[in-house]
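Heads up, what comes next is one protein chain in two forms, each shown on its own as structure tokens, labelled structure 1 and structure 2.
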Structure 1
Amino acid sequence: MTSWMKKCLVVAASAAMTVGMTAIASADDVTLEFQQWWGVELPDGALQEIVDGFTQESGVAIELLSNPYADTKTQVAAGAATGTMADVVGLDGSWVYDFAKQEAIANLSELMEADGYDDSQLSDQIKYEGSTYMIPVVNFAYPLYVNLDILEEAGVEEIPTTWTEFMDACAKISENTDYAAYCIPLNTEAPNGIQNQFSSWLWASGGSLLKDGKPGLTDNELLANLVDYFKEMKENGYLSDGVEAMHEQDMVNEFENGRLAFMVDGISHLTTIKKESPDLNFTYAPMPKADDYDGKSGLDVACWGIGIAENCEHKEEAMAFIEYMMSPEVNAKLSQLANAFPGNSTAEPDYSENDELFLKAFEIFQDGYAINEFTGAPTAEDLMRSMNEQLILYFDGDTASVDDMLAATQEAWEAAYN
């Protein structure tokens, strides 16, 4: 080797060391805020332990901002409107269209390409105008939760599997106990009751809210029957009192306090319910189907999605954090702790120590197919809200017929899709 080549190698090595040291030094000065609801639903300290692993590897500190889902949604929306969103944010798939359109969240496709990240390992990506803005980290099924003690007290011998059996069970619960049979939270501030506690019934019977990718609410016999089914439950007093003012968390509180026989909810709440109500005797069951349906059931799914704020000043470090969370080992651990299914297709969670109820939910999930027609939909929250409002009007008798109710909702949805 010539002296000139040796000199070049020494200079190059020195430069590389300088760059590396500069990067590490700068990383040590970086703190990323991570706003989410996950830390509340995971075992105590679990999320902090996971993000501390990233800090140990990179030198980038992660400040967790953990609050319940409804509070997180409000805070993230406020940050989007004012340009003060936390650096990294937990996202629901139904928020993505709005935030991406507002340019409040960053284009992850561009960041992944710049970083040379192999996105083929991701189970899913939520896009807006062809680019990714959210990555589902873990995925949750929404089965039927059943309070077995209430059913026994009411004289319901079998968990209902059809709409008729479920209505009969509601009647017995109403006649023989002081408890509510079912709950659909209809607070319009957070209208995800339409997604999780209403539409899940439609999907379970092979139904759809769409036709050829567009709103398909009118001339939809199954949907019309479901609306009337819920109106009957409301008129008969089978629903929790004050559902118009309830958030999803209120429903969960009712169930874990033993005041609700059935609810549809994500299995992410399993850990919390077991911790706060260890004596609650409950199980999971498949969603009841329409009486004449014998096909596969669609199972409502939701996810803990992750994105980066457009106002984040350290997008490179934020993207590195997302890649860490999506790495097979970390993603598998998070999935196991959260009672969820991984967002990395190569992750292999060890569920051997998970609660037996989670394994039951996993079996229900495997017997059906995943569906959520609000994920990535245009103005998804507004779609839910418009149906929510029309459903309340119909319940209260302010709308004459189910056809009028669905026509008004269809009109609102078509404006959003167009």
Structure 2
Amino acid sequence: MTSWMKKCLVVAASAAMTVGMTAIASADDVTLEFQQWWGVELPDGALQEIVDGFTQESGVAIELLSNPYADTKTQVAAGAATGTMADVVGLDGSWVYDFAKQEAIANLSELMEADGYDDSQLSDQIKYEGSTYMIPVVNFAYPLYVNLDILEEAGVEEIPTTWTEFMDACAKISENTDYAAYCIPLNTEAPNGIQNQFSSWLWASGGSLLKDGKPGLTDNELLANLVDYFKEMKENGYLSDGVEAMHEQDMVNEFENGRLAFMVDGISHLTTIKKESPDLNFTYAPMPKADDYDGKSGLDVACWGIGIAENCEHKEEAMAFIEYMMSPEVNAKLSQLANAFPGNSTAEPDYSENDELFLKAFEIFQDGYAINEFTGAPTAEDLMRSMNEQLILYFDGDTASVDDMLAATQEAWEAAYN
């Protein structure tokens, strides 16, 4: 055998071995990237422990990409645009419509059907054109936080339950204390104050932003009353100073520092608030209702949703991972750790070690019904932003009437829905 032939043989043998080893590796060593913001908000190492359980069960490794919510959102949007999204992604309900429309996230209805998964155990599924694209893993309610010390100092004896009572309480807080009564963060960067601190009032009184699934802002008496109610609070100085530049976190900071009497916020912040302000005397209460409303209250909810990237090369394994996360045991454990309510209706979280306030929030949640009309809405963040801008213009007197304000918002919303 010539030297040249020997060299060729060695190269061919090496190539064959490499291809063979690669084939073996691809069968056994599937690694799924899981991009989300949950890991940052859960206790240290909790999410890693949960996903490690899946690796032990299936042999599929899960690589966690955990970043704060805002960073995750930008990275997921960039991944959707470039087709480089992580295999499994944590999703917010307000992103689903756009990513599904872009075909950046996979149709979970097809994957569930292919896998024979019983979806009747899921408490909710977020759909686009009739197919599921996101499954809410855990849900967070947004009740009213009440600083009891401020109420006592202001001479407010009962936690208000109606709009009139709430406005009276605001007046007393403004007159008798140096604190703000309420806060609606209106920073343009993250306009979710419209969803959580404004629309939550409407939903609590049985109202809606939509009519037959389309924008229903005009000829909406309850909404018009609510806008004027907020304008009155703003003009009377009941809102925190500088709400136009505030983020939700700024509002939470104000509450933690004892400078805010009421706020509407997710119960996910309960642990942080208790930890950072152990002496803060606060409780949860149901949202105040419009004076003439005595029906059931809609309670604003947000969720940690999960989906699969369309560019994922291991959709079968990714679906198995989602099924694992939604299994009653795992879902119950995650709910307990996150101070949240389970996305699997058969899960039974053990809340005995959770804070008693959490149990109070759970009661409020059970008394009403979960609602969030921005979940699954087209360009949901932009819808919030346009209402945010119109609300500020109305506060500042640039818009003559509430009808004009709502008409302008309706026009912007209709463009998104068409």
Partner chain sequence: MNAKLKKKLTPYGYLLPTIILMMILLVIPIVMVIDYSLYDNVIANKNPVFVGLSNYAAVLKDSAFWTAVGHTLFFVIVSIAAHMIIGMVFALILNTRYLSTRTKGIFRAIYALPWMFTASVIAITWRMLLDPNGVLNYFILLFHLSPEKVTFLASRDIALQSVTLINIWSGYPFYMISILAGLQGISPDLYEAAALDGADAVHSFTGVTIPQLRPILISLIMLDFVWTLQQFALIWMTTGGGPVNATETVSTWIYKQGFTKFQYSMASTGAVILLIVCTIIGIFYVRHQKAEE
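The term rigid core refers to the maximal set of C-alpha atoms that superpose within 1.5 Å between the two forms. Note that the structure is predicted; figures quoted are calculated from it, not measured. Reference numbering: structure 1, starting with residue 1.
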| item | value |
| --- | --- |
| Form predicted alone - structure 1 or 2 | 1 |
| Rigid block check between the two structures (T177, T346) | no |
| Rotation angle of the smaller rigid part relative to the larger between the two structures, in degrees | 14 |
| Per-residue CA shift, L47 (Å; core superposed between the two structures) | 3.3 |
